[in-house]
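Given as structure tokens, the chain that follows is alone and in the form predicted on its own.
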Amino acid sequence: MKFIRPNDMEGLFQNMEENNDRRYFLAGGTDINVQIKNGVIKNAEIIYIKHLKELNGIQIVKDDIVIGAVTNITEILNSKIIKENLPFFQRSLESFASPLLQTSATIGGNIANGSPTADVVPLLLVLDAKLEIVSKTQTRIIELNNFFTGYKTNIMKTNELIRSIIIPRKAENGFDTYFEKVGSRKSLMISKVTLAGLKNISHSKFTTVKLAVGSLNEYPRRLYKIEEYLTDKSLIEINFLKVEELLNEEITPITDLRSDKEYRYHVCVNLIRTFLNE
């Protein structure tokens, strides 16, 4: 195992120049440290990045809120900028793990780890978040919805990392919001089903609907087919059998130690019903 602590971003990029599919970035370490201890990660290159100021912090940049990738959950929960501009996002993260883990877990790590149960990803998806991905020679901005390619895989090259998460400053404005995690306990929950939603209603019709789920696919994702079906319909016009049919096309729940796929599917249907009726 090789550990590296670059002094600055230039040093970081120098260490990233050589292609290495056994390279991992360490900031909070809530996941990677467990994998190292259990022998899942071995003979790897570990680059520590939490101290790099270019990857830290929360700021307003024109019409966006920009959150550094190694900003931890506690910093987001305590941020005045987030409270004033994205209160739904901030409030929803109160259920993230435990207070102790919140002080270590980073927003970028929760995304890059690629877990189907990642708490922040469904929230960021309905807020139309983007990622700033950087290498020594290139910066690119991509929609979070286009980031994942499969279970714990994404579009980043081995010489790239997430520098920041970009959320439109007015992403929550004018919307009714919804976030629900279903699990076996209240604290330290690994969710069986997660649903995040935004809706806008005018003249009794849903003019805009945004829905994202976690723990129901190989990675969290938006439910675009259901969103399209619900748009411009009133509640009494919605055929929930059609919603269930579309949901069956958009999710691929599995049976594991925490739950079975039939339970996950039916819970998601009920959460969507609750979201639309509130």
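Everything quoted here is computed from the prediction, not taken from an experiment. In this text, residue numbers run from 1 along the sequence as written.
Just so you know, the form predicted in complex with a small molecule exists too; it's not on screen, but the next bit is about it.
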Exercise for the section: Answer with one of 76, 125, 182, 112: the residue that has a non-hydrogen atom within 4.5 Å of the small molecule in the predicted complex. Expected result: 112
Completion exercise
in the predicted complex, the residue from 66, 230, 246, 49 with a non-hydrogen atom within 4.5 Å of the small molecule is 49
Exercise for the section: Kindly confirm or deny that 34, 101 and 162 each have some heavy atom within 4.5 angstroms of the small molecule in the predicted complex. Expected result: yes
Practice task
Using the partner position in the predicted complex, report whether residue 57 sits within 4.5 Å of the small molecule, counting heavy atoms only.
Solution key: no
Exercise for the section: Give a yes/no on whether residue 226 approaches the small molecule to within 4.5 Å in the predicted complex, heavy atoms considered. Expected result: no
Exercise for the section: Using the partner position in the predicted complex, report whether residue 24 sits within 4.5 Å of the small molecule, counting heavy atoms only. Expected result: yes
Handout entry: Residue contact check: residue 156 to the small molecule in the predicted complex, 4.5 Å heavy atom
Key = yes
Handout entry: Location of the small molecule contact in the predicted complex, chosen stretch of 169 to 177, 81 to 89, 114 to 122, 201 to 209 [non-hydrogen atom, 4.5 Å]
Key = 114 to 122
